[in-house]
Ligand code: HEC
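Take a look at this single chain in structure tokens; it is the form predicted on its own.
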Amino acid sequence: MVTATGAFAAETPIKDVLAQIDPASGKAKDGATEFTVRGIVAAKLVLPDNKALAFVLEAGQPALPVFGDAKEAVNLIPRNEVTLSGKLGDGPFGGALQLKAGSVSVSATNKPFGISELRDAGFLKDASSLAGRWLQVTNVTFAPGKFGTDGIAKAKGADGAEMTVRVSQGAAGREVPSEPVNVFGVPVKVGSEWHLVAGRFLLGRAREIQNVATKRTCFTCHNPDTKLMGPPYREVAAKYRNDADAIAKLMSQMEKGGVGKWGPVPMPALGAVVPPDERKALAEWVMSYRWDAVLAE
């Protein structure tokens, strides 16, 4: 990041900025220093008041909450590597870096931010030992219905424990996942409770479908997160996230093949080798990546 004088602002390691937030009170100990940090966005909440809270981390480390105007935070999208500046102050769930206007720059996209810590829902009764870490809670079931405008959803883990999931405003009015999903996100303390800020939902049966994708050589041309010969699945799912006919369209694309939608490399027709039930499962799995885009809106 270039300052007004043309010099590059010194970056502070995120862990050193986090050390300036008191773990007991959640309050900032230093509200005067302007910090510049560089990291990868793990999760993001756009709140009802047009404010945004993002969690920026260095791979494998706890995340720093970054709070500011939603318009200023438009590029704080999960898997973006960013540099930004601000001073510590109060966020919606404790201390956070107050985003300085015009300070966000993106240096890379689709950056991995470390392996998720695998926990059950019961862990969220006291997640203090992994506060700010990237977690995965498997086989989470939501009560049927739609996400509300308050961004708060109740769910149960495979262990039967209840958990609270926080979602961005992009999810408001959308049907909750209709089957068990693995919820990836960052735990935050809200009052006396721990909630999980969701950054990704993936089907609980994803491993089973990935085995189908391997058998049918899908991974020769595609990757869930990064471009190979074909587009990444998360990009396909983002494009079709508001399309009620997305599953049918993807199944048809697999069956008939085609060229031109995603570039000059043709997709072969797979109808003769991939049966309809497998095409449906693959399409449902691909479309589960739509939540990456929805949960960042």
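Nothing here was measured: the structure is a model prediction, and the numbers come from that model. All residue numbers refer to positions in the sequence shown, first residue = 1.
We do not show the form predicted together with heme C (HEC), though everything after this point is about it.
Visitor: For heme C (HEC), considered in the predicted bound form: do all three of G260, V274 and L282 come within 4.5 Å of it, counting heavy atoms only?
Guide: Yes, each of G260, V274 and L282 comes within 4.5 Å of heme C (HEC) in the predicted bound form.
Visitor: Looking at S178, T149, S129, T220 here, can you tell me which has any non-hydrogen atom within 4.5 angstroms of heme C (HEC) in the predicted bound form?
Guide: The option sitting close enough to the partner is T220.
Visitor: Could you work out which of V37, A28, A70, M254 is the residue within 4.5 angstroms of heme C (HEC) in the predicted bound form, going by heavy atoms?
Guide: So the residue touching heme C (HEC) in the predicted bound form, by this definition, is M254.
Visitor: Of these, 222 to 230, 153 to 161, 72 to 80, 88 to 96, which stretch puts a heavy atom within 4.5 angstroms of heme C (HEC) in the predicted bound form?
Guide: In short, 222 to 230.
Visitor: Are any of the heavy atoms in A244 no more than 4.5 Å from a heavy atom of heme C (HEC) in the predicted bound form?
Guide: Outside the cut-off, so no.
Visitor: With a cut-off of 4.5 Å between heavy atoms, is V265 one of the residues that contacts heme C (HEC) in the predicted bound form?
Guide: Close contact exists here: in the predicted bound form, V265 approaches heme C (HEC) to within 4.5 Å, heavy atoms only.
Visitor: R174: heavy atom within 4.5 Å of heme C (HEC) in the predicted bound form?
Guide: No, R174 is distant from the partner.
Visitor: Should A52 be counted as a contact of heme C (HEC) in the predicted bound form, where contact means heavy atoms within 4.5 Å?
Guide: Flag for A52 set to no.
Visitor: Can you list, in sequence order, the residues from 231 to 246 that come within 4.5 Å of heme C (HEC) in the predicted bound form, counting heavy atoms only?
Guide: Going through 231 to 246 in order - heavy atoms within 4.5 Å of heme C (HEC) in the predicted bound form - the hits are P231, Y233, V236, K239, Y240.
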